[in-house]
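A single chain comes next, written as structure tokens; it is the form predicted on its own.
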């Protein structure tokens, strides 16, 4: 729609106005790491972060979410979080992950709880200023993003370009003071930032195009790398929990001792956990660690691409950082399949 240019003082005033008008979650420092958390002061917002510990998916698919409450006298009642909110500082690769989840949760069984939160969110994305040491989004085509967000922030020297893309974004930008339209030079500099981001976000180099991964995995099911890596796997599920495109959950019922009231809720689940594929009768479809380890890669690189046409690894590198056994580097695994498949 429009692109505005703001100086730092005007940008901070705008963020403060956003905080004063509604719920805002933004990226903040937590010791030497960064997290998305409720934002109380504009000065706490850190758009110069490298990567957050958990992805912003936690605001659309919370770690624990009550779906419904039930009462034997009054019946069942669906539970929704009805408050709109602003999500400030989403990096391009995380925005791609959110857009992928949008597609997946709209397929087959439309997830009303997910989309209730998604539709109430105003997403302010931002281009990357600093890269984490494990990121490889540049290899995955997710270093920049074109859609899904309402506003995109790009820092150019000491100024900020505010790219307004939707009506929700315009409503949020209406509180901006002391802004001017971005000039041609600023827009040219923004293109240079985007070009630099592709190089900046490439700390690991994938030796194949992402769109080739489904075919690569198609012929690698029996490759020894799965057993080799899985021997050191603790089945802790850390890689699942920090992944922006993992969306599996378990549904549980919590019933009061009186048996008169209770609630149904869902919690995050992960395919690396030993009980993930366990079913009634004691059978487990993926009892072996190697089967679970392999499944994670096939889900990201083959199964989901077959559903939506996109590889479900956006190159954030969180799994590499979180893995206690140092076996969760997707680039390392895929490159081994490429090199030994020649």
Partner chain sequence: MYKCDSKKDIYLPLPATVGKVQPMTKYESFFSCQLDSGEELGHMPGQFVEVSIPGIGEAPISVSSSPTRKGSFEMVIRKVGNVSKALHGLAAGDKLFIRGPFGTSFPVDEAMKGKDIIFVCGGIGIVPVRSAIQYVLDNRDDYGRVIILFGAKTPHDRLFIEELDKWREEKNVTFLETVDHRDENWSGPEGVITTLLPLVKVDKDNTVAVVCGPPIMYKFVIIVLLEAGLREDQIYLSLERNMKCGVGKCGHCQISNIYVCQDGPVFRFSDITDIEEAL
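Since the model is a prediction, treat every value here as computed from it, not as a measurement. Numbering follows the first chain given and starts at 1. So that the term is clear: the rigid core is the largest set of C-alpha atoms that superpose within 1.5 Å between two forms.
Missing here is the form predicted in complex with its partner chain; even so, the following discussion is about that form.
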Open item on the list: Using a 4.5 Å heavy atom cut-off, which residue among 159, 227, 269, 81 comes into contact with its partner chain in the model of the complex?
Closed with: 269
TODO: Within 4.5 Å of its partner chain in the model of the complex, counting heavy atoms only, one of 124 to 132, 181 to 189, 105 to 113, 81 to 89 shows up; tell me which.
DONE: 105 to 113
Open item on the list: Does any part of residue 279 reach within 4.5 Å of its partner chain in the model of the complex? Heavy atoms only, please.
Closed with: yes
TODO: Spell out, yes or no, whether the shortest heavy atom distance between residue 204 and its partner chain in the model of the complex is within 4.5 Å.
DONE: no
Open item on the list: Can you work out whether residue 195 and its partner chain are in contact in the model of the complex, taking contact to mean some heavy atom pair no more than 4.5 Å apart?
Closed with: no
Open item on the list: With a cut-off of 4.5 Å between heavy atoms, is residue 118 one of the residues that contacts its partner chain in the model of the complex?
Closed with: yes
Task: Residues of 145 to 163 having any heavy atom within 4.5 Å of its partner chain in the model of the complex, listed in sequence order - done: none
Open item on the list: Please state whether residue 76 has a C-alpha shift of 2 Å or more between the shown form and the other one, with the rigid core used for the fit.
Closed with: yes
